[in-house]
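Shown next as structure tokens: one chain only, the form predicted alone.
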């Protein structure tokens, strides 16, 4: 009697988990950033910094930091251009350092500008500087007995010959690494994250589809939670491309992937559902308690997807990208091993 025909589903699902950590700002070297701040006529603020906006949303974050430090509205904040001939050093946009380095420098500059303003009003109102609150464009005493708009307060200071300006410099005190034993302090702040990926593997074609990613990340103090979610989602999408399709090749030191026709990038059809979980563990060594999330969100994605592939079909992919050809080859090797084992048994 013939054995009953067994039909196996060609799509199999699996889940994988991975975790990672990342050091914030430049590695094993002193990092630094500076900024200037001024409370201007009309109760507005202007900030001069060499920050570079490359789409990560740093200008929005800085406007929020300034507004919170000075007690004004974000729309009343102007961030100056980043011409290095006219602004303090801020260094590059990279190493997940923008919010950590420039954000803290801007906060310190704002605190100095605010202190100049508050000092004059404390004398006028005959109260302690600690008893003065700035919020939403209004500056007042704790007991609400005295108040004026920020515009009026700035004008009062200027009439007394005081311009409420400030400068700030922030450094991450990293050190180099000992060449013999590797000891040192390569970073001042660290972030941690963990992700779970769910995939569907087609056993006939080897195609892997990422159905969902659950990403939980420590970001320090989240200045703009919606922006943090965007950073996490963007990092996951980039890592999906790295894991499954982006294949940069060289021959004798020259790239052979010369255009996007051969270097495949993820499209909207490849983007999984990303579920972000923000963990706020403030950095104790910086004024704002912020850290960063740009690059760290990419770290757990690839190993989580590779682990999910193993959970789905029981094969390990040891090099990226995990293309359909590699998955099929691993499945064939698995079947051959199983057949050999069955024959020997």
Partner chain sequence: MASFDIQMTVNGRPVKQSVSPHLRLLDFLREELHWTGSKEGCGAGECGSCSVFVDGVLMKSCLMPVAKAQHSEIETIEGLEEQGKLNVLQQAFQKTGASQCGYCIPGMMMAATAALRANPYAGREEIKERLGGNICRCTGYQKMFEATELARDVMNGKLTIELLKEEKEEGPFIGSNSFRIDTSSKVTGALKYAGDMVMPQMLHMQVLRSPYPHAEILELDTSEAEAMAGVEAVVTHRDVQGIDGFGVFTDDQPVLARGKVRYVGDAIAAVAAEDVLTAKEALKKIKVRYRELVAITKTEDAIKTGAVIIHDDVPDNIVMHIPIRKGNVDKGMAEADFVIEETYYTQPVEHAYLEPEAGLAYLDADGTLVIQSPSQNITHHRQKLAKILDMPVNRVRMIMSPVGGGFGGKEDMHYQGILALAVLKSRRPVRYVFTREESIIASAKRHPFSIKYQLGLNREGLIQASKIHMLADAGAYNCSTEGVMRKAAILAAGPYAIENLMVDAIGVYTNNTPSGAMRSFGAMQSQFATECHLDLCAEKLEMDPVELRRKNFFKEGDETHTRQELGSVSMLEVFNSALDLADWETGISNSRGATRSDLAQSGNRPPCTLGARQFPLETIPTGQAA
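Positions refer to the first chain, counted from 1. Since the structure is predicted, the reported quantities are computational estimates derived from the model, not experimental observations.
Note that the form predicted in complex with its partner chain isn't included here; everything after this is about it.
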{"query": "Sole residue of 155, 273, 146, 128 within 4.5 Å of its partner chain in the predicted bound form, by heavy atom", "finding": "273"}
{"query": "Options 118-126, 146-154, 159-167, 82-90; stretch whose heavy atom lies within 4.5 Å of its partner chain in the predicted bound form", "finding": "82-90"}
{"query": "4.5 angstroms heavy atom contact with its partner chain in the predicted bound form for residue 247", "finding": "yes"}
{"query": "Distance check, residue 54 to its partner chain in the predicted bound form, heavy atom within 4.5 Å", "finding": "yes"}
{"query": "Residue contact check: residue 310 to its partner chain in the predicted bound form, 4.5 Å heavy atom", "finding": "yes"}
{"query": "Touches its partner chain in the predicted bound form: residue 171 (any heavy atom, 4.5 Å)", "finding": "no"}
{"query": "Residues from 237-269 in contact with its partner chain (non-hydrogen atom within 4.5 Å) in the predicted bound form", "finding": "237, 238, 242, 246, 247, 248, 250, 252, 253, 254, 255, 257, 258, 259, 260, 261, 263, 265, 266, 267, 268, 269"}
